[in-house]
Each structure stands twice: as structure tokens, then as C-alpha cells.
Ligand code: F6P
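Only one chain is included here, represented as C-alpha cells and corresponding to the form predicted alone.
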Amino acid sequence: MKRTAQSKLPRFSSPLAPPPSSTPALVERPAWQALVDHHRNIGTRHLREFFADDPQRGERLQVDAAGLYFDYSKNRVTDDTLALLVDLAEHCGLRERRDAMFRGESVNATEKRAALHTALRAPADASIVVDGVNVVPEVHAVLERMANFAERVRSGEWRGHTGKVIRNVINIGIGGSDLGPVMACEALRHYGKSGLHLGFVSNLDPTDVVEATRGLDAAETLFIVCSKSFRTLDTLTNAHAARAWSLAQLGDERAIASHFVAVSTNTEAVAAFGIDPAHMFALWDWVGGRYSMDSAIGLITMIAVGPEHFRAMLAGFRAMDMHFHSAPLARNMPVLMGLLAIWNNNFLGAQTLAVLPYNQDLKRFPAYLQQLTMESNGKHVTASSQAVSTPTSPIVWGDTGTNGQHSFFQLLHQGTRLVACDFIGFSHSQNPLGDQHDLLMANLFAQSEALAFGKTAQALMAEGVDETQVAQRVCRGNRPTNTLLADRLTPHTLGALVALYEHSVFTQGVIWNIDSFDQWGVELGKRLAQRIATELADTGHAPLTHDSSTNALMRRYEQHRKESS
């Protein structure tokens, strides 16, 4: 199919407003149908054929940006596939919606808000106007306050109520107020301050806060309570538990001001808790939780690695932002990653994505991407409130290599489900130990090669494998993978890596025409939990009005509680 024919297809006229309800469903759009037809032609072809037909494929299908090298040659695509995917992006308005997001327009349509996480890493002389106000000076003012506070804690200038130096910093949050900081502190522990213990509390399970504080001296412990509204049930419950633990040791309400700070917008609630509002770090409505690790939510990260390394991380974010904003779509790393995800999910049927970092410090990266991807794009209606016509977000999971090789890789190679994979590796280890890093990377390269090309029965028999074992040892290959390589895991690299996935998720959301920045599905469970908690606390035993299963479970729970009381 010629590109000139595709260029005449209708495009969304507005970069902000969702397409009108009269707009055809995605699957009815000519650009989508062109991909359907193309898939029929190449759907059964094997990666072995693609590489045999184009020996330089591995050199061509790659992009360098922001210190990352992206090899996408082991995807089941041709040049025509990629051209058709880029055409789809053009006709779905990706360029316009991307630019609208960077301008600070209300791309979060259902909440009528901007989604301006890119402003968190904008240079100080930039101008990004939201509701008539340039938000960049505010961002840098908060960053400066964070830096000053972080340096006071790191240097020992900030002391607890009894005059002791702070040796333990515990972050209390959930969702985006936890997953980003946990991941970043783990990823950048090579740059962390020696002698500073970091802890994280997120789960409403009391075990989480008990274990996080076990054996610690409250006089040496600082808590950072992260809640934009300062009303999040999980976070505030844990914060009050930490407050009680602190007072049990320190015995003075005035101590709270020296051992608790907040990341929030609710000054009144913060003050009522006992935190000095001067030690509250601001957030904005235009920063979603899962996009907030480089905002004040990252205060514990800045304390851990220092302001200089935190700014280097912001520079990495910024470098990928600029690449996404300016590179042609056909050579744009986040766009290509997002479009390949569309191809693998919607056309090849890969319902899950395994994220496989070959770096122990990135062990929390798959969990971070679960929220970023599935909370953003796990939607069943479009931005115009129509039912989606295709599957949306893939299920994201994964683990570090080589651990995963000895657990779930068997399914990747010989299972009946197609799983797309992202491999992430680095040329240098932060902890070199002989030739061990070479062995680690040999495994990364080998696994992506094996998933692509497999092992045929003919090859096995030529190697003399017993005929009774041939069927069991065949690996079909043809499994799509991306490989990301960087020199080493630095703060700059981490920022670029996170921004890459942020913009890939955005790209996919634009294609599906869903709002990647709301999360209404999270609210239903929260409201039901609050109702049930009230009922469990009711000593008057009002009749339960849930379904028979929920009623029976609540009664059994109450029975167990009574029997053990």
C-alpha cells in the first residue's frame, strides 16, 4: 500500500476535544483497516525470514535518544508495518495531542485538567501557562525548597526533637506516592548517602508500618507523609500509626513538628496533624500520582541521593521529553515503543508485557510500570464516552534477569500464550566483579535471540538430539521483544527511561482515544471499603445489605474476631 493514499485519510481536527460521537470507531477507521489487511499478509511470517531477507535489519531498526539505545528489530514488523503504524498515529492526532499536552492544555478531559508532568523538569527560563499562570517558577521554587531541606537532613543540620541527627527517613504514601520513590531510591542506591536508612510504608496492613519502624529510634526518624489531599485513607491511617509510635517514645506532642513533614496541598489538615505548614511541600492538580516521582513526591529520593543527582535525573527526563516533542514520529523512541505495543497487543494478540531489567537495582521497575501503564490505559470507554472497539492496556509484569529465567521464562519460550518482552540492560555495572557483568549481559542477549529465532526440530535432529525428545525441545521463537541498552544506570538514565515509558503510554492512549490521566475505576473500591469499614465498626449490628457473598464473608470475619477476643 502506498503512503500517498494513507495521507488523504481524515484526521482529528482538534488537539484537545475528543472526537465527536459520530467519528467512526477505531476499528472502522481506514488507517486501522489498512493494518488489518497488512496483518493478514504478514501475520504468519517468522522473524527468521525477516532477518534472512534483510541482513542489516538489526542495524536499521534502532533509535538512539537521551542516552538510550532502542533495538526494535526483533518485533514481527516490516518497513510497511512501521509506515502504516505511523500513518495511524498521524490520523489519530498524536502530534496535535502531544503538543497540546506540552502546552498545558486540558488533555485530562474527564477531570478538565492539564497533565503537565513535563513541567516538573522544564528549565527555569521556560514558560508553560496553565489557567493564565506560568507554572515553571512555582516548580523551581518547590525544587529549591526541597533541595534546602534535603541538604539540612543529609548534613545533620536538621535534628529531631531531642537534638539527635536523623538517621532514618520513612516515606508514607500509596500508589504514585510510593511506587515511584521506592523504585527510584532502589534504582539509585549506588548514589545514596551512607548511613542513611530509608523505609517505605504503603500497605494498610498494619504489618507494613510495624515492620518499617521495628528497632528504630523515634528520636532519629523522620517521616514524609505524601498525600495530595491529606485525606487518603490508607496513607492517613499509616501516618497516624507512625505518629502514635513516635509519641510513645518521645512523649511530647511538640515532637511531631521535628519528625514529620508533608507533601500535600491541604495546609489545614497538615497543620491539624501537627506538621508545621512551613514543612509542607506543594503539589499541583495537573500532576497525576503515577507521573509525580520527579515532583515533591520525590523528596525522599532527593534526600537519599542529594539535590545534584536529583537534578541529573530531571535532566534525563527532560532529554527524553525533548526527543518525544521534536523527533519525527518514524524516528521517535516513545512513539515507536507505543506503536509497537499497539501492534503486539491488538494485532498479534499479546495481552501481556514482560518487563525484564538485567540490573538488580531496577527490581522495582516492573511494579512501577504496572501502575503507570495499567492505571493510565486500563479503560473500557473512549474519551467521548463510547465503548472501546479494541483491547486496551496490556497486563504488565516482570522481574529481574537472570532470576526470571529460572522461573517464568519457560512459558515465554514454549508456552501457548504470546508475551511481548522489554529487555533492559547496561554496558557497565555499578558494582563490577570480575567478568560477572559480561555473563549477565550474555544472558540478556541470548534470551532475546532465543525468543526471536527459537530452535526447529530439524536443527535439533541435526545436533543429534534423541527423536523422543525433539518435540519437547522445540522452541518456536517468533516472540516479539524490544531491547533497551544504556551505558550505566545513572540518575540521568533513570529519568530518560521513565519518561520513555510515560510517553509510550500516552501514545497508546491517543491511538485508543482514551483518557490516560484519569482513574475512575480506583474510586469504586475505595467508596465500598469506607462503607464496609463503618459497618464493621457498628456495634448495633445493623442489617447488612450487600450481596450474599459479601454479607457471609463479613459475618464470618466478625465471628472469628469475637472468638479470639
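Everything quoted here is computed from the prediction, not taken from an experiment. Numbering starts at 1 and runs along the sequence shown.
As for the form predicted in complex with the ligand, it is not shown, yet the points below apply to it.
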(message) To verify the annotation, which of these, 298, 289, 316, 334, has a non-hydrogen atom within 4.5 Å of the ligand in the predicted bound form?
(response) 289
(request) Taking 4.5 Å between heavy atoms as the contact cutoff, choose which of 175, 199, 394, 366 touches the ligand in the predicted bound form. (result) 175
(request) Counting only non-hydrogen atoms, choose the one of 289 to 297, 183 to 191, 215 to 223, 491 to 499 that falls within 4.5 Å of the ligand in the predicted bound form. (result) 289 to 297
(message) Taking the ligand as it sits in the predicted bound form, is residue 371 near enough to touch it, meaning that at least one heavy atom pair lies within 4.5 angstroms?
(response) yes
(message) Is residue 519 part of the interface with the ligand in the predicted bound form - any heavy atom within 4.5 Å?
(response) yes
(message) Since only the chain is shown here, I'm wondering whether residue 232 would be in contact with the ligand in the predicted bound form (any heavy atom pair within 4.5 Å).
(response) yes
(message) Does any part of residue 227 reach within 4.5 Å of the ligand in the predicted bound form? Heavy atoms only, please.
(response) yes
(request) Just give me the residues of 398 to 422, first to last, that have a heavy atom within 4.5 Å of the ligand in the predicted bound form. (result) none
